[in-house]
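Only one chain is included here, represented as structure tokens and corresponding to the form predicted on its own.
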Amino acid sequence: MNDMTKNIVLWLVIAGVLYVVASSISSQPSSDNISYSAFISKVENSGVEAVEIGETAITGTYRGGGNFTTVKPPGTLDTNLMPTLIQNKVEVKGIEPQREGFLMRLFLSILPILLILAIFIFFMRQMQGGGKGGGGPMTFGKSKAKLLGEDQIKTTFADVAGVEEAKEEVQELVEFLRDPAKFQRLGGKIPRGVLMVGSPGTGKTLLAKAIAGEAKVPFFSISGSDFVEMFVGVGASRVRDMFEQAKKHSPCIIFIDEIDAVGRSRGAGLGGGHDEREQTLNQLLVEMDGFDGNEGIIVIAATNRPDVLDPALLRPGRFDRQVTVPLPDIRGREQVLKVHMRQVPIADDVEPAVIARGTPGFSGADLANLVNEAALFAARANKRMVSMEEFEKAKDKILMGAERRSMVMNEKEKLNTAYHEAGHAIVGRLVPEHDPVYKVSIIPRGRALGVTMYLPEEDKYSQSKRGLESSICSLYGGRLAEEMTLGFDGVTTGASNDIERATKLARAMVTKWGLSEKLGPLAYEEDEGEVFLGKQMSQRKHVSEQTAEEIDREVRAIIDDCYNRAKAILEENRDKLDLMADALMQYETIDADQIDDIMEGHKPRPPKDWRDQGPGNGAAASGDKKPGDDAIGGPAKTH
């Protein structure tokens, strides 16, 4: 509520109080009400001493004391009243008709106007977004960007870790905003727009805030979806308003998160075009590089879908620079962990380097979630500090899913799950170029009845043909272990997800990666384009029927070869398979040290926390296995 509205309401309240006071002052004191006939009778019996006659009422006093009031009958004229009063020696006074003062008459005349005006102002404020909702029909064309002042942003480059190359790319933006003349002396121009590209959770928004925090300039923040409305032209109006506000606070930064919501390629109109989104994009293109210069305004945008953005948006002069914000490597993960651990009381046994090694493929958001989950585990245990044990539990929960210890299954189902996971672990341990086995568990986690988790020794950016074939072998290890113990008719549906993943890998080796000797290094499959981006609605078939049959034969040959290799490995190590299944039945979860004991032919050592994880404390799932209920750990997470 602004000052004008407050003043109007205040004056209305004062006027109401004055009106009540005036009404009370003008009212007559209370007295006995008698009928007109009783009044005449009292006069004739000499019981009235004095009267005051008004237009409609007669007030007076009795001879013995006391006041009375009576009302003359309407529409009548008593001509005998005055002679009767005079005859009975009653003192008669006339009352002048009461007239309201000038101010009261003025107030009463303008009161309806004031009320109408107050109601009009109230509804106008509601339409203009003056209510709690902060929006209304009259604000459709106004920018929804949130302005953060230079003193409101506390984030700096010290809060951003794991993306050192990206920080170097944007460092000169900070220098330009601090000292523009340094670059302009030599005729240089700072990029008008910087597009940050990276997977979700890598820290694109955080990096943009750090730029504004380091440069100490105003920061406008808005999402791409905030521009688009159901009414055509609203988004374009918001873009214009946002840049007008930015010019008033220049130099400043405009940050547009998820710009792909408004910056998608303008299509051919197939499938129902969205003229509002295209007009918004056109206005954004004009504002970023049109006739009117926007000096001192740097637009930073973030997206994880750069492939769908319009080419006109990405050209130099608009988004001059694309900064890739990748997933952090092992050193970056260690730095990110240290940043997030500042807010948590950490025990002396916590080693960020060890945690970083065991979390390949984690983004900055994943690592923040890891630290938070560890803190929650410590809080549940009423601990004052977060130890390495809580970080291990949190890592297992994120990688493999939460334990479902409340579920119970019979011993037969539990033994079958133990053999299944042992088959994955043994094959994965013995095939070449396979990630080391990290942990095997038959405790249900998430949707899986059992989990075999692998963790790479170092970050991988590509994979060889031998490594892919080893992955397919390990995927079939679980089904083969069931077949060896239960027979072909006893194989369950638990390997459905393994079979699906193995088939996709084999087909990709043949059709995408050129890893088939017969078909050669050719691409037989292409990603389908999006119709809404103006691409063709149907893709041309790139292979003949004969080639498709050859592809199927090659995929089948890869699967058969890997299947037979995995089967031979398990047959040669049947004693280890039985030993690992027994260990899983006893301990429910075994780690890498216990797996080493089994692979050497020894009975595995008890786990370190055996006292807390003894037989009977764990549980497994009840009922039949559903397709996809088995899970095998990949380079980062289970599926």
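All of these numbers come straight from a predicted model, not from anything done at the bench. The numbering used is simple: start at 1 and walk along the sequence shown.
There is another form of this protein, the form predicted in complex with adenosine-5'-diphosphate, and it is not shown here; the text below is about that form.
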Assert contact residue (adenosine-5'-diphosphate, in the predicted bound form, non-hydrogen atom within 4.5 Å, options A375, C252, V437, V160) equals V160
Counting non-hydrogen atoms within 4.5 angstroms of adenosine-5'-diphosphate in the predicted bound form, say which of Q463, T84, S199, N410 makes the cut. S199
Considering only heavy atoms, tell me if T205 and adenosine-5'-diphosphate come within 4.5 Å of each other in the predicted bound form. yes
Non-hydrogen atom contact A368 with adenosine-5'-diphosphate in the predicted bound form at 4.5 angstroms: yes
Is G423 close enough to touch adenosine-5'-diphosphate in the predicted bound form, meaning at least one heavy atom pair within 4.5 Å? no
Applying a 4.5 Å heavy atom distance criterion, does V336 contact adenosine-5'-diphosphate in the predicted bound form? yes
Only one of 545 to 553, 84 to 92, 161 to 169, 213 to 221 has residues with a heavy atom within 4.5 Å of adenosine-5'-diphosphate in the predicted bound form, and that stretch is 161 to 169
